[in-house]
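There is one chain below, alone, in structure tokens, taken in the form predicted alone.
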Amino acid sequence: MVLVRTKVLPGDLLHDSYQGQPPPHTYKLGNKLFSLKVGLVEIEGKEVKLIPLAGPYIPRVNDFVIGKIIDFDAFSWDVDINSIYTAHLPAQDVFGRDFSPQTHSLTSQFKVGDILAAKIVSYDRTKDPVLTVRDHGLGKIINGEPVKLSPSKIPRLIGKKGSMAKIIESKTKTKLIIGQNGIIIVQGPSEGIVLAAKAIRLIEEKAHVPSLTNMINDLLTKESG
């Protein structure tokens, strides 16, 4: 049995008497649970969670993502969501059921290069992801700087109950808009944005280190002091 938050390799034993369906990135042989990925395993009671340390973003329904408009036609926008798949935002989602390509101009709402906060409403491997911007907090992001992080390391940036993200925001006086697709928008004063980006890069490099929270704290205290 591995310890809590331990780095594992494909094929490593995670649990020798696991009940129920295997969590993402794992597989079962009998009641034994094994890793499918290089990653960090967290075991708390009967719960097992494997966080991959590498790999592209794979869309999932209900994921919150940050994307960039890269093209459009008469009926939808194409959105880069940092994935091997291009997402689509239907014009009807923005203009409503009375949308008509003859009477509505897509560029009146979003132009190529605009950054969006969106949610994935449908996706399977036979067709590209479809987005919505209808929910609260979604839509065009006006200001802030984008920073990339491996999608598999987003849980480390967030931390338990948002603890890591709160530390970074507090120490840098910034706001983080964190997409599950590995794009983070950092809003705030320029010096705070630079410092927050440093912290995010450290998470990229040291996601597997158990003392990462202390390292981030030390970095931000030293740099902001």
Partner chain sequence: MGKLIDENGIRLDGRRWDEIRPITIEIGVIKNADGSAYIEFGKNKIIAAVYGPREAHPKHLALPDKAIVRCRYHMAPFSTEERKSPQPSRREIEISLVLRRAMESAIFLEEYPRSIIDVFVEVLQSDGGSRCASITAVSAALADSGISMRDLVVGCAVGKIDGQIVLDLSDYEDKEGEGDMPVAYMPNLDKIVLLQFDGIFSEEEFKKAIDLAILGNKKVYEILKKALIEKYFSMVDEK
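Definition used throughout: the rigid core is the maximal C-alpha set that superposes within 1.5 Å between two forms. Quick caveat: nothing in here was measured; it's all calculated off a predicted structure. Positions refer to the first chain, counted from 1.
The same protein also has a form predicted together with its partner chain, omitted here; what follows describes it.
Comment: 32-40 is the region of 183-191, 61-69, 168-176, 32-40 lying near its partner chain in the predicted bound form, near meaning a non-hydrogen atom within 4.5 Å.
For the options Thr86, Gln92, Thr107, Ser122, the residue carrying a heavy atom within 4.5 angstroms of its partner chain in the predicted bound form is Thr86. Proximity of Gly11 to its partner chain in the predicted bound form: non-hydrogen atoms within 4.5 Å are present. In the predicted bound form, no heavy atom of Asn143 sits within 4.5 Å of its partner chain. Of the heavy atoms in Asp114, none are within 4.5 Å of its partner chain in the predicted bound form. Under a 4.5 angstroms non-hydrogen atom cutoff, its partner chain in the predicted bound form has Leu53 among its neighbouring residues. Relative to the superposed core, Leu13 shifts its CA atom by 2 Å or more between the shown form and the other one. The Cα position of Pro24 differs by 2 Å or more between the shown form and the other one after fitting on the rigid core.
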